[in-house]
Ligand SMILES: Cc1cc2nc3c(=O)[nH]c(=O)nc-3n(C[C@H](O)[C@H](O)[C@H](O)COP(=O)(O)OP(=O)(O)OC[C@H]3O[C@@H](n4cnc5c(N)ncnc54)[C@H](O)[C@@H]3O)c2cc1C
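Single chain ahead, by itself, as structure tokens, in the form predicted alone.
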């Protein structure tokens, strides 16, 4: 099925100036409403005429959704805060540099100036079959076109696939999960729901039509980062085909607290997250449990990397993700020779 690149379909445009007004619009239009953050993912859908919302709710004028504030020793980031603002904020740089690196790895400077952190974590998958309008499982059909003998599936999942093998495209998601962030959601009835970042993203086994827990009428308003991992040893690395304007083939984010120095230091606690290998950013809890209490050295890194890929089922064109993921996990555990972690 060819992508039709005609003018956008007709819709009503609303530009609320408060969360309450935005919520009222989302409640009024329900599944027919489309939330517009930075617009970078949204305009692709609209110009290709794959999504045809009745109403577009532009959050650009909602000031309360913007900015970075200190809260309870940690940070509170408005969902409409741009990635550039995240990158340049002094407290993010000082205490949570892993988020800086993740945000800075997204696309290009021009896109980071427009793209928001809320949009980055809430965007839909980039699977080309799905984005081109093919009637796959995720789009309500009864087949995964990326998981057939003739498929082009180089960028798809090797872990936890359930009918759909598309992956999450978010660069900031693994860093936020590593930092134990919380996502604050305003529901359609006006209540506030706080969801751990790890649980904000859903796989096809839970709901094959969505990438996040957001339901029609829900609005992500804030991301809270606790002080728990402030100043820890951080590691972030994103492997992609091009150094700019490209999505991760595989990425890794880790936050670690160690006792001692150099490679003999003992890992006291760790959070380790990978992306680009499953339908959602994947926290490697089994690996975390395995390495806790062990020395941060090459032996521990090898053990961790082998555990990380257990259960992986590569497709025809993405078996390269197995050694790539193993190497990224090793580097996140022991660091890179000649390089340094951030903290």
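Only a predicted model underlies this, so the values are computations on that prediction, with no experimental measurement involved. Positions refer to the first chain, counted from 1.
Absent from the display: the form predicted in complex with the named molecule. The rest refers to it.
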Seminar exercise, completed: Here the chain appears without its partner; judged in the predicted complex, the stretch of 190-198, 158-166, 216-224, 142-150 with heavy atoms within 4.5 Å of the named molecule is 216-224
Problem set entry | residue 251, heavy atom within 4.5 angstroms of the named molecule in the predicted complex | no
Exercise. Does residue 271 make contact with the named molecule in the predicted complex, using a 4.5 Å heavy atom cut-off?
Worked result: no
For this session: State yes or no: in the predicted complex, is some non-hydrogen atom of residue 46 no more than 4.5 angstroms from a non-hydrogen atom of the named molecule?
Result: no
Exercise. At the 4.5 Å heavy atom threshold, is residue 233 in contact with the named molecule in the predicted complex?
Worked result: no
Seminar exercise, completed: Contact with the named molecule in the predicted complex, heavy atom within 4.5 Å, among 83, 256, 127, 183 goes to 83
Seminar exercise, completed: Of 179, 106, 211, 75, the only residue with a heavy atom within 4.5 Å of the named molecule in the predicted complex is 106
Exercise. Of 64-79, which residues get within 4.5 Å of the named molecule in the predicted complex if you count heavy atoms?
Worked result: 79
